[in-house]
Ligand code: AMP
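First, one chain by itself in structure tokens, the form predicted on its own.
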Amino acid sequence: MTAYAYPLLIKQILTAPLSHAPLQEIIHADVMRYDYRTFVDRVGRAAGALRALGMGEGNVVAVLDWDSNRYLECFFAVPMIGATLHTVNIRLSPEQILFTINHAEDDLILCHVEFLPMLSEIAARIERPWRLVILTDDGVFPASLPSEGEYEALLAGACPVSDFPDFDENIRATLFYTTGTTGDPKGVSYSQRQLVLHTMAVAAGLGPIPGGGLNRGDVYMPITPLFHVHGWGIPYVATLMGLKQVYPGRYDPAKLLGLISEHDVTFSHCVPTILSMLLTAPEAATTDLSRWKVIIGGSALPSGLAQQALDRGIDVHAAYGMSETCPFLTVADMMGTRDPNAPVSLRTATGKPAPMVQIRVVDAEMNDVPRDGVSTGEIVARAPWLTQSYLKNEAGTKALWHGGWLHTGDVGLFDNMGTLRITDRLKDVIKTGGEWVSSLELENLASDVDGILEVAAIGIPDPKWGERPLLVIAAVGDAAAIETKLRATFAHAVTSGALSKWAVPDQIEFVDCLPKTSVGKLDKKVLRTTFTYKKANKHG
């Protein structure tokens, strides 16, 4: 006999919960709930149904759905038969979704009834022969497109797969698309080995935090869409740990807060705009959030928002990563914040690298800048789970991995204790009169002013200085009074030496709401276009 090589495959994640928490529950809002034994059976049935439809190694299976138990089942069933799971960003435009379906070469599409009208609109332009499976919460669906049937019915009639084969751990497991400021979306993929390593590293990085982090007593609910970097990879971690999991379906503040209360949710993750939305929802006033731990990523965690969360008893921390990093790279110092006197800045810092992550801050020649808390440069990274390439995009891949390190496009610094802090995105840094102004620094100062809900700092063209910073604010209350307090905040920052006087914005604009990207981040591209146009017309 020969030794078992034990390839790092998605199927290996399922052995732990069956051993340690077979009766723990997985819940899809008010649609479905079952234990891990049933979950594993349903994964086997989903795999059997997919095989019956001709799916296997080399095929691509796309999913268009809200966060549901079905989605979690596909996280396992699709890669466990050797196929690739394409998590479609349902918030992209129909044309962008069509591009991703064609570029990924999808063979089978699992589509929620809510997205069938959009799919019908683009169906004739899908270039590859494809088949359709309907996803629905109540079994009812229109016959607007020919389909292979409804998901639950297919599972009920499937011959379940109980013994999944071994194959090369480097086989592609997942694929999704990230959008930038220009060009078509870029395809980002991960192997089974990378996903397993990422799962173990996140568990190791968040697990051993007394009274915090992520542990077996937690109840998990994602508030990051599962189409976005596999829900930041935490569903795999939660399954490995055998946690009770709650999937909310479509995001609605009242519904999310209701699920937190009903199921005593203790761990979630989201972008800052979603946390702000929840804290300002009317239902938040009567919801106990004192046991809730929240990881914030996607963009910087403003200190004002962090303090609002802490005032409600929420244990909030920033983390850092990107689509191309699977995404976990760093997290704020969770051990340090066990001290009740720890400053809020410790929670909002980009933090310390996760296990097996290497981070450098470099200049344009790839030389490390001093770790003095002042010198900034681009953040570059290495880890065993970083995407190796953009799908069918050699030029993009070459730029991403220039010099053998993954380039994040973020500007940051290390302090003398080894804590990483992001100061801006390369594309968002404001250059005025030859000096650099951090948009994040301006936003962080503004977030501490009462009444400001959201703020974005952008650079707009200026004939004398090249660019000048402009603040765009969504607030509640009297705008004039808020601006007066904000100006006083900036004046104090200048007097204290925390801010250069030339960094103070000349102009402040108030709007009803700030534009968001498809994953809930502030869309500064739209803001720059809008206010550059307004300024040109004003002076034209």
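For clarity, every value in this text was computed on a predicted model and none was experimentally measured. Numbers for residues come from their place in the sequence shown, where the first is 1.
Omitted from view is the form predicted in complex with adenosine monophosphate (AMP), to which the following refers.
What is the one choice in 205, 321, 233, 222 with a heavy atom within 4.5 Å of adenosine monophosphate (AMP) in the predicted bound form?
For this set of options, the contacting one is 321.
Among the candidate residues 239, 350, 194, 268, which is the single one with a non-hydrogen atom no more than 4.5 Å from adenosine monophosphate (AMP) in the predicted bound form?
The residue from 239, 350, 194, 268 that makes the contact is 350.
Using the partner position in the predicted bound form, report whether residue 410 sits within 4.5 Å of adenosine monophosphate (AMP), counting heavy atoms only.
Yes, contact at 4.5 Å.
Does residue 20 reach adenosine monophosphate (AMP) in the predicted bound form if we count a contact as any heavy atom within 4.5 Å?
Looking in the predicted bound form, residue contacts with adenosine monophosphate (AMP) do not include residue 20, since no heavy atom lies within 4.5 Å.
Answer yes if any heavy atom of residue 425 is within 4.5 Å of a heavy atom of adenosine monophosphate (AMP) in the predicted bound form; otherwise answer no.
The answer is yes: residue 425 has a heavy atom within 4.5 Å of adenosine monophosphate (AMP).
Taking heavy atoms and a 4.5 Å cut-off, does residue 186 contact adenosine monophosphate (AMP) in the predicted bound form?
So residue 186 does not count as contacting adenosine monophosphate (AMP).
Within 4.5 angstroms, counting heavy atoms, which one of the listed stretches 258-266, 134-142, 464-472, 292-300 is next to adenosine monophosphate (AMP) in the predicted bound form?
Careful reading of the contacts points to 292-300.
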